[in-house]
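Starting off, we have a lone chain in the form predicted on its own, written out as structure tokens.
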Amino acid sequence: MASAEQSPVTLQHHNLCSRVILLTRKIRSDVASLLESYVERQGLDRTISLDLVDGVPGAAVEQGGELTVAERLGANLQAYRAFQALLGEVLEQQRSHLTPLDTDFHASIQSVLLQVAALAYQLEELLALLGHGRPAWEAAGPEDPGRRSFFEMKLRGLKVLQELAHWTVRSVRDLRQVVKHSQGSGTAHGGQAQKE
């Protein structure tokens, strides 16, 4: 019976992981709907190549099985901090240049932006709870609105939403690995506590 008990920290960590996973799934669902609206409103084809669009964090990882818990969470936190800034750019470009009168569309982008900000905060909490330092973060400077054509703005916004959707898939996978690792560590710590 004692072995089934979990320490308050382990329970807190498990509950926070569960909340982060739920929020990540909610973001994935909302981004899927937003992508459909975005493509329609911008007059784009979902199959258009976005290879030349840079400055958006990609979700692909070559050595995912070899990453530590801190590396997994740190990479996720860095990505969502970046997406928070990128979504702010996308929202401003839509309001100022691309869809100035479409307030419902702007509200949908704003909703995802706020959820991404909340997710970044929860990932910071999780890193702190596990005793890992937060990765350093330097936000990119504000973009010059005149640098990109309207079409380039549209493509960049599409790339931001597509990569954000990919990151939500990776994040759920990463967080499940974190939970597995913590369960193994919790069992080990529990065993030590019983011996002491």
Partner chain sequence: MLLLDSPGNTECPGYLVTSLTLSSITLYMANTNNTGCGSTVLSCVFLTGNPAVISPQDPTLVIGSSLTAACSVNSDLHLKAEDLYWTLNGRRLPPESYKVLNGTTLSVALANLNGSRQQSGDNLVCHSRDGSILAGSCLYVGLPPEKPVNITCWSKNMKDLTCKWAPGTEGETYLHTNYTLKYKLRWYGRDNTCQEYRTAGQYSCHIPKDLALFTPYEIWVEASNRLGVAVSEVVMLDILDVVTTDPPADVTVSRVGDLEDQLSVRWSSPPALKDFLFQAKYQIQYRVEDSSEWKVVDDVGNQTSCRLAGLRPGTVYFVQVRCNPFGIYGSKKAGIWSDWSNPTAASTPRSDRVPGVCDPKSGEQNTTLRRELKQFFGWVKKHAYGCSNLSIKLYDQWRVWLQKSHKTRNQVGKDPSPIPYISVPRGRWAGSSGVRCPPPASPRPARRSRVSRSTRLPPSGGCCCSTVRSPLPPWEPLSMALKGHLACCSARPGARFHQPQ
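Residue numbers count along the first chain shown, from 1. Note that the structure is a prediction, hence the values are computed from the model and not measured.
Although not depicted, the form predicted in complex with the partner chain is the subject of the following passage.
> Residue-level question: is residue 41 within 4.5 Å of the partner chain in the model of the complex, judged on heavy atoms?
Yes, residue 41 lies within 4.5 Å of the partner chain in the model of the complex.
> Are any of the heavy atoms in residue 46 no more than 4.5 Å from a heavy atom of the partner chain in the model of the complex?
Answer no; every heavy atom of residue 46 is more than 4.5 Å from the partner chain in the model of the complex.
> Examine residue 33 and determine whether its closest non-hydrogen atom to the partner chain in the model of the complex is within 4.5 angstroms.
The answer is no: residue 33 has no heavy atom within 4.5 Å of the partner chain.
> Check residue 52 for me: does it contact the partner chain in the model of the complex (non-hydrogen atoms, 4.5 angstroms)?
Contact with the partner chain, yes.
> Have a look at 70-78, 108-116, 122-130, 91-99 and name the one stretch with heavy atoms inside 4.5 Å of the partner chain in the model of the complex.
The contacting stretch is 91-99.
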